[in-house]
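Below sits a lone chain in structure tokens, taken as the form predicted on its own.
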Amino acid sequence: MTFVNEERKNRDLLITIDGPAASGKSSLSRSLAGKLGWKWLSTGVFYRGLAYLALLRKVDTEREIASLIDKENWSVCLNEERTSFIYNEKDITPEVYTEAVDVLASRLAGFPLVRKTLRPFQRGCFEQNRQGLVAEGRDCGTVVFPNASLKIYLTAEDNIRAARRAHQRGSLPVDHVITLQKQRDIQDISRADSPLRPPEGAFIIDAGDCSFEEMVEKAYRKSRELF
């Protein structure tokens, strides 16, 4: 019993949740962070914020976009419910969730130089929040935080994910969302740097096999086994 307690005490309070687009990882990770009283990190905000800056500065090459990371005055702020993108000391998070930003963020997320340059900033979020962090994305458990104490991977059928994204965005037709979703999946799975895949030893949750409440409870029970 003493050994188990010591093992728990020495574990990093870090959980990663990965999965394809619209699998529910943002909702799950946010809810789990709230139940645990930990901070919540959506790594996608880094790419969205950078895409916003690239559109603002009208640059589109990999090197130009990556250079904005050091040139511009930006930061990411975390709490249990929100990962905010701050630009010139102003919270512009709503502005990074537009269709134009979506399209460019998807493209620049495939740039190896961009991913490499952003990685230290993403990892720094845990260094600043060692009291507990739930991080979600597409390569959190495989690349950004490979030593996370618990790695969760979400799966879901195409139609379930498309219906969820269409609902989030309002009036988008499900068939159109499925087409865009498959394109994004191909990009994520086939990219040379940090491709989307389940982390080794991940706790797999099928988002289409249970309600959202059941999904949160599964993740929470697994978390309590470790922490």
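Counting begins at 1, following the sequence as shown. Values in this document were obtained by computation on a predicted structure and should not be read as measured data.
If you look for the form predicted together with 2'-deoxycytidine-5'-monophosphate, you will not find it shown, but the lines that follow are about it.
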query: Options 146-154, 125-133, 76-84, 105-113; stretch whose heavy atom lies within 4.5 Å of 2'-deoxycytidine-5'-monophosphate in the model of the complex; finding: 105-113
query: 4.5 Å heavy atom contact, R161 and 2'-deoxycytidine-5'-monophosphate in the model of the complex; finding: no
query: Interface membership of Y52, 2'-deoxycytidine-5'-monophosphate in the model of the complex, 4.5 Å heavy atom rule; finding: no
query: Touches 2'-deoxycytidine-5'-monophosphate in the model of the complex: E62 (any heavy atom, 4.5 Å); finding: no
query: Proximity of P199 to 2'-deoxycytidine-5'-monophosphate in the model of the complex, heavy atoms at 4.5 Å; finding: no
query: Interface residues of 182-205 toward 2'-deoxycytidine-5'-monophosphate, as seen in the model of the complex [heavy atoms, 4.5 Å]; finding: R184, D188, R191
